[in-house]
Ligand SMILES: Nc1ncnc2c1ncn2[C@@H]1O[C@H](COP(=O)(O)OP(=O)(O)O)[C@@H](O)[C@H]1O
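To begin, one chain is listed below as structure tokens, in the form predicted on its own.
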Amino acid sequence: MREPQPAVLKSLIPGVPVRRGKVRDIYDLGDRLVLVATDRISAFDWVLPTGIPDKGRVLTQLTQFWLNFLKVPNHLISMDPEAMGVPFADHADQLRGRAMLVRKAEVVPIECVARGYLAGSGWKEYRQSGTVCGVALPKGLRESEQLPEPIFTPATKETTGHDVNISFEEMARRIGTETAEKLRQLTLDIYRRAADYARQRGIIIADTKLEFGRLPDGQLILIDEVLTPDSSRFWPADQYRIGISPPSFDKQFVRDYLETTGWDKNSPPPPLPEEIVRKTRAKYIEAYERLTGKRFEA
């Protein structure tokens, strides 16, 4: 694996309005946006002071792979910094592979979540009530067990803290029944196709969250990142066991390390040691290479 370049914690494109999320810097070009995935990493609702080199490139290039694979209407226009205008072309070396020129859309204020396995907050709720986001499931399921059929479990989009799970009925009340039905169908179709493909590459997609937007003509399109380790729960198929929480291709090393530091999660988090950064980077890249069948070029 090629030696990583220093982590990019912040992109700087002069003269273009920008807002910064936990991971992405979003530049506003009027009817279009440029989304730059930095190497920032968050855990426990905090952005950490240490980045993971190449993480933003992995997320962006994996999103590009899935958009090409899925062939559903989406926001991507170009990955070429030269197509983004002079300020971006002048910073092409920093942006290449981590920036997307996209169509601006009105964001649907719902996280569209598909779950194929019983894990995370779903497992916690199931143990208490036999349901996941209000969806009744068969009795006797165990942690990480595959569900009889994938289920759709929407959530609110929160600007701070965790998203909040809601029922499908509440989603329909907020955005309309027709739109809710369409997004449920789209989400489950995307999940099934992606999960079938990933399983052939040795990765189980336990769950994923998708975001959608609406163009001025009313068309619903897929936006933001798609089926990445940040938006999905990826498990290595050869280490999957029912009854335990399998290892995953994401922030596992980061979360595990932070739990050992005594950090109270209410004050700024500590920096990450080099070993944790290296292992986390390797997991992101492994997920990319398994799914795409291509060597990751930093």
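Numbering starts at 1 and follows the sequence shown. Remember, predicted model here, so these are calculated numbers, not experimental data.
Keep in mind the form predicted in complex with the ligand is missing from the figure; the text below concerns it.
Interface membership of Leu67, the ligand in the model of the complex, 4.5 Å heavy atom rule: Answer no; every heavy atom of Leu67 is more than 4.5 Å from the ligand in the model of the complex.
The ligand contact at Ala92 in the model of the complex, heavy atom, 4.5 Å: Looking in the model of the complex, residue contacts with the ligand do not include Ala92, since no heavy atom lies within 4.5 Å.
Heavy atom of Ala136 within 4.5 Å of the ligand in the model of the complex: Output for Ala136 is no: heavy atoms all beyond 4.5 Å of the ligand.
4.5 Å heavy atom contact, Ala105 and the ligand in the model of the complex: Close contact exists here: in the model of the complex, Ala105 approaches the ligand to within 4.5 Å, heavy atoms only.
Selected contact from Ile276, Ile285, Val23, Ile13, since only one has a non-hydrogen atom within 4.5 angstroms of the ligand in the model of the complex: Of the candidates Ile276, Ile285, Val23, Ile13, Val23 is the one lying within 4.5 Å of the ligand in the model of the complex.
Sole residue of Ile223, Ile204, Ile190, Leu147 within 4.5 Å of the ligand in the model of the complex, by heavy atom: For this set of options, the contacting one is Ile223.
Location of the ligand contact in the model of the complex, chosen stretch of 251 to 259, 23 to 31, 235 to 243, 266 to 274 [non-hydrogen atom, 4.5 Å]: Among the candidates, contact is made by 23 to 31.
The ligand in the model of the complex: contacted by all of Leu35, His75 and Lys157, heavy atom 4.5 Å: So, yes: the whole triplet contacts the ligand.
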